[in-house]
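One chain comes next, on its own, written as structure tokens: the form predicted on its own.
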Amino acid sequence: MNKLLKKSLLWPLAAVAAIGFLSVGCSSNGEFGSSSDAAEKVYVAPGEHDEFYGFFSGGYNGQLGVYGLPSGRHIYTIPVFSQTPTNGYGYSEETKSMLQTTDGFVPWGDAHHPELSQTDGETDGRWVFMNENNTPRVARVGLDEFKTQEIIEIPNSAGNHASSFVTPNTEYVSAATRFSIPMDEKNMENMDVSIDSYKENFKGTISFIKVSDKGKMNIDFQIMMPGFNYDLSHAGKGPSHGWSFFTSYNSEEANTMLEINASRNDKDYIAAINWEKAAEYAKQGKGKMMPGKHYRNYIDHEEGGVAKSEVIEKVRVLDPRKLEGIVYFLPTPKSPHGVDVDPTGQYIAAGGKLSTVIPVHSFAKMEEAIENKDFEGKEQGIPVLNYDSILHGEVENPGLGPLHTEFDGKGYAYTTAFISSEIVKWDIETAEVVDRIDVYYSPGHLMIPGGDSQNPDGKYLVALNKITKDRYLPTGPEMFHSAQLIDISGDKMKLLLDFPTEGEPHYAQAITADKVKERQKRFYEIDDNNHPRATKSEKEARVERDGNEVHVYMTTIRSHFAPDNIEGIKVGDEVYFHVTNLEQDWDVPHGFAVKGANTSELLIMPGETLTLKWEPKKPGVVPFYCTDFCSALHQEMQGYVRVSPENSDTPISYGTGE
């Protein structure tokens, strides 16, 4: 056999061997040696619980998704900023007020960044806060009942992207305007001026929301800022406790074609806010009380869980040009997006969208530069620190489009690179890249359980990818986003799992399940139900007319309503079904729906009272029924309402028919 023939026979064997080599073992993209190895890492046996709760923002669905980790199982969805037909949130009379704003009733929100409450710099399992970008709001979700308990509107702001980030003892939740607007500095009113007067008239605000021990939120103070776009934030910790850091872009103050005109400067800024000093100024009565009308909506647990609203007319506004030492600008290349403080509190990393490096600022050097007045100059009256004086290091070759960073608590940071679709691991002290892994595709945020606290768990990383494409069965043009779970317990990152997510999960946080599950409320004690229209026994069930208002005091228990036959309702009446679930056992809700209602069903938890408003439009007999399959005789759980003409004299009557 000649040499040429030998070569022609051997090269396919070499190719097969090469393909085989790439198909087994831990490959360069960090995949496990076999799918069974990865599956074993994420498998949670039937009946077993996940190790972590994961809280994922729903983005444009306005909700908060709850996932188990490492399985990726979708456990629950908490309604926050949007009406939810699943349980009537935002539709029921008890919850409508949660969505009140100075723009009226706003039934939709753009949720972005969930943030767990902290004590001593660690997640504590009390609450999750989450911001709304479109109509500036911040919500507090109670993890005892997994319900939204309070929403506060942010005045003097347009867009609320750099939110909701907490200080290490949840003293404050911060919020910053994304879209600066023309504000009259005398009365904070949005001005009717030409848009091209941007540099002259547009301003931004950064707000600090005080959180009481019981969770009540109020805006303690706002800081008037130059008219940049404020993007993201994180609070300092350890030595940097008392400070918060906010990225900004558009220091050019452009008002059109920002993709070009807001990318001209080599550096924009991180705003370093000394919130402890600002709070002290506010406590001393410095700054001015200015117009700042906003709503605070909250669930009143002392009155049966009914939502209430209060309107607050003014806020305290601090001017950093007049109050020394509360704001400094840290020059940061280029159009920075994420800003993250490492667990030691010594280093501040920024993800410059258009930058070829990740700059890492030193808090100690920052303090020294402030002490020495080592300034490059001033920006609209605010000192700008010298970049070289405050720099700890620059991470080179961090991938294209670095955005967000989290930490494992072992001295390493992990940054998403949006354009090159990868996660890059780097050493915080040396600023050297030590590993990288491909993700699919275009990651925005990433999350490590506890990854922005002083004590990260450092076991898993979740990449929150913006583009799904071919990862799941196709569902037409629109599809869910995708998360990817990565093992970061060893030197090399290893991809474990893909799982789809609802809406657009901008950010997520996770916490060990033990911190949350033991404090769960399983049902509401019927004796403690203080709802003003509760019906605590079937004997109290009744129907009352007051003019054209009819109130039906109704109970549910397996498997009937009381009353289930109602007559005397007329066309033109406003009928309120106040439905109390008498069950006193976990996981036995009842639903309620009536034909022709222009709202959603109710889903009533044991011991709870909810109200559905119904306005019948035509005579006849109309059925109602339980919407939740509650027992073997669920189908029998139904009733009728007789509707008579508007001028009829049919008297009110009701009963269960015995």
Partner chain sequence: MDTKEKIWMAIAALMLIGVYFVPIWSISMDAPQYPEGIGMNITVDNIQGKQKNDLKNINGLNHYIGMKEINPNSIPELKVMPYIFGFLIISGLVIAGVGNEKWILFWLGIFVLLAIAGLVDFYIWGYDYGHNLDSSAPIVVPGMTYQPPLIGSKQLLNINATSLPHIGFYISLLSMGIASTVWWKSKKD
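Because the structure is predicted, anything quoted here is derived from the model rather than measured. Numbering follows the first chain given and starts at 1.
Not pictured, yet referred to below: the form predicted in complex with the partner chain.
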Candidate from N397, N455, T119, Q584 lying within 4.5 Å of the partner chain in the predicted bound form - any heavy atom: Q584
The single option of Y76, F523, Y387, Y441 touching the partner chain in the predicted bound form, heavy atom within 4.5 Å: F523
Candidate stretches 200 to 208, 362 to 370, 557 to 565, 473 to 481 - the one whose heavy atoms come within 4.5 Å of the partner chain in the predicted bound form: 557 to 565
The partner chain contact in the predicted bound form: L633, any heavy atom under 4.5 Å: yes
